[in-house]
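Shown here is one chain on its own, the form predicted on its own, set out as structure tokens.
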Amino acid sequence: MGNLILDIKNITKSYGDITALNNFSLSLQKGEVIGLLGPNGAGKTTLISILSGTVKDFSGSVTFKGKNLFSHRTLKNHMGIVPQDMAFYEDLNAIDNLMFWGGLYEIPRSNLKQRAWELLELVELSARAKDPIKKYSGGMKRRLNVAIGLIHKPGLLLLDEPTVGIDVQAKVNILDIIKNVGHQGTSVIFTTHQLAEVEEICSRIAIMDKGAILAQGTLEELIRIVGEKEIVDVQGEFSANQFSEALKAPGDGIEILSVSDNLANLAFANTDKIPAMMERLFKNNIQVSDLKIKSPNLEAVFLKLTGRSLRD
């Protein structure tokens, strides 16, 4: 088995006519930080919910530490869950919350208290340890949420959109924590729709859409999907159909990654071809208000794989 800690095979989950996960498979090595990148509705939260045991009635299998995750209840004690919804008691202070949640794992009280203070230092909340959580800012609450997920030193940490709705400094702090946890040997799966987050901290990135993984690999491996091309964003007054017709069978090393009303994303093997493209657009009465040239990036990969922006 080597360092394989988690093996998800062919998970399928539907809600009525909607397929949330479609034959989903993913493996995770010890200490690996995997980012699941995809838009809302891609199936990210459903996967976390299945792994944490809150969603049932699915097909497929999950092996954790070489055993069936759902047949061995004690395995859940080796997992840390950081849900998108906050999981703590707002009337209690931070140290009492950590003591309560840690107590569920039967950690000796003396060890638990030391661990709680260590985590509060880690998430930079030790100075506010005795303040009721209801007085915390959104960023502070998110950081405490992460600390609770780590209280029992899990071998696998699952985080569902852990940086939603918080300030930049709190986001940086949480991302640093995730990165450090991986370096210390804990395996991590975290979901996000923020490109910069997975680019910064993940050893591997899985691009998800419509319940399936479209591609996975390191950032460098994924960018190779686009190839050695320059990315060109075109903005102006045009409809998607109008733009597509103007560049029908574009040739000349031009690839249309995505097009919508007033915005198109193209890949050029040679940007010297841009003037010829602009001429074709003008001949078709398409007014261009802005044109930006960028190096290949993760956003371009997502556009190529799905034909739409991650923000859509």
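Heads up: residue numbers just count along the shown sequence, starting at 1. Just so it is clear, the structure is predicted and the values come from calculations on it, not from any experiment.
What comes next is about the form predicted in complex with a small molecule, which is not displayed.
- Shown alone here, residue 46 lies within 4.5 Å of the small molecule in the model of the complex, counting heavy atoms only.
- By the criterion of a heavy atom within 4.5 Å, residue 40 is counted among the residues contacting the small molecule in the model of the complex.
- Residue contact with the small molecule in the model of the complex: residue 20 places a heavy atom within 4.5 Å of it.
- Of the stretches 256-264, 274-282, 58-66, 32-40, only 32-40 has residues with a heavy atom within 4.5 Å of the small molecule in the model of the complex.
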